[in-house]
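First comes one chain, alone, set out as structure tokens in the form predicted on its own.
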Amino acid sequence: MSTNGRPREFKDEAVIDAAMEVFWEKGYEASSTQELCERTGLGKGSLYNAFGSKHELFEQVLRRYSQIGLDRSIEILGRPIPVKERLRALFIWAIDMDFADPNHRGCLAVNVSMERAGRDPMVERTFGEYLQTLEEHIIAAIEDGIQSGEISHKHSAFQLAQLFLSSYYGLRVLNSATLNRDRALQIVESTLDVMF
């Protein structure tokens, strides 16, 4: 731990990725320190020396997961293609992620929010920061569409971003619950039809 009581940035992404798998499979509460040690290859002392606590390791996991997802989302939203295709590509990326996972674990950020939000300020803060940044990039893409005439001026970019995010995160939950790719694709097209 650093002198200010915060966990130092751990450089071994493989350790954080291994811990991510445990939290993703079991959730925060059901993930034991023993299993985290087994899966990361760290002894209990090393785990605590590196991260301070299970909760601080969990924070590192959430930050890494969020950053990976945000980087990919920003790349998709910044592509030099029509806005409708950018938004469709973001939906399809999420669907592909959800259905490629043989364990059908869903989105870690959504799972964690459902498990810990309201009881864990770190989760609320981390997911809130992620969501705000994603929303800003979605609004910017939609504003591009409004300026180019691809999207009518009937609704603001903010309103359309709210619609998109509601559909996007609702879709992530439904993907885990129903395992119905055809329904997911129908939701994508319905959402885009309303927006465009």
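From a predicted model like this one, the values you see are computed outputs, not experimental measurements. Residues carry their position along the shown sequence, with the first being 1.
FYI, the form predicted together with another copy of the chain isn't displayed, but the following is about it.
Peer 1: Any idea which of 43-51, 144-152, 57-65, 131-139 reaches within 4.5 Å of another copy of the chain in the model of the complex, heavy atoms considered?
Peer 2: Answer to the contact question: 131-139.
Peer 1: How about Lys26: is it within 4.5 Å of another copy of the chain in the model of the complex, going by heavy atoms?
Peer 2: Close contact exists here: in the model of the complex, Lys26 approaches another copy of the chain to within 4.5 Å, heavy atoms only.
Peer 1: With the partner left out of view, is Leu163 within 4.5 angstroms of another copy of the chain in the model of the complex by any non-hydrogen atom?
Peer 2: Heavy-atom contact with another copy of the chain at 4.5 Å: present for Leu163.
Peer 1: For Arg183, is any heavy atom within 4.5 Å of another copy of the chain in the model of the complex, or not?
Peer 2: Yes, Arg183 lies within 4.5 Å of another copy of the chain in the model of the complex.
Peer 1: Answer with yes or no whether Ala177 is in contact with another copy of the chain in the model of the complex, where contact means some heavy atom within 4.5 Å.
Peer 2: It does: once another copy of the chain is placed as it appears in the model of the complex, Ala177 has a heavy atom within 4.5 Å of it.
Peer 1: Which one of Met122, Met97, Ala89, Met114 is close to another copy of the chain in the model of the complex, taking close to mean a heavy atom within 4.5 Å?
Peer 2: The residue in contact is Met114.
Peer 1: Do all of Gly69, Ile76 and Glu85 end up near another copy of the chain in the model of the complex, with near meaning a heavy atom within 4.5 Å?
Peer 2: Checking in the model of the complex: none of Gly69, Ile76 and Glu85 is within 4.5 Å of another copy of the chain.
Peer 1: Hey, which residues along 172-196 are within 4.5 angstroms of another copy of the chain in the model of the complex, non-hydrogen atoms only?
Peer 2: Heavy-atom contacts within 4.5 Å come from Arg172, Val173, Leu174, Ser176, Ala177, Thr178, Leu179, Arg183, Gln186, Ile187, Ser190, Thr191, Asp193, Val194, Met195.
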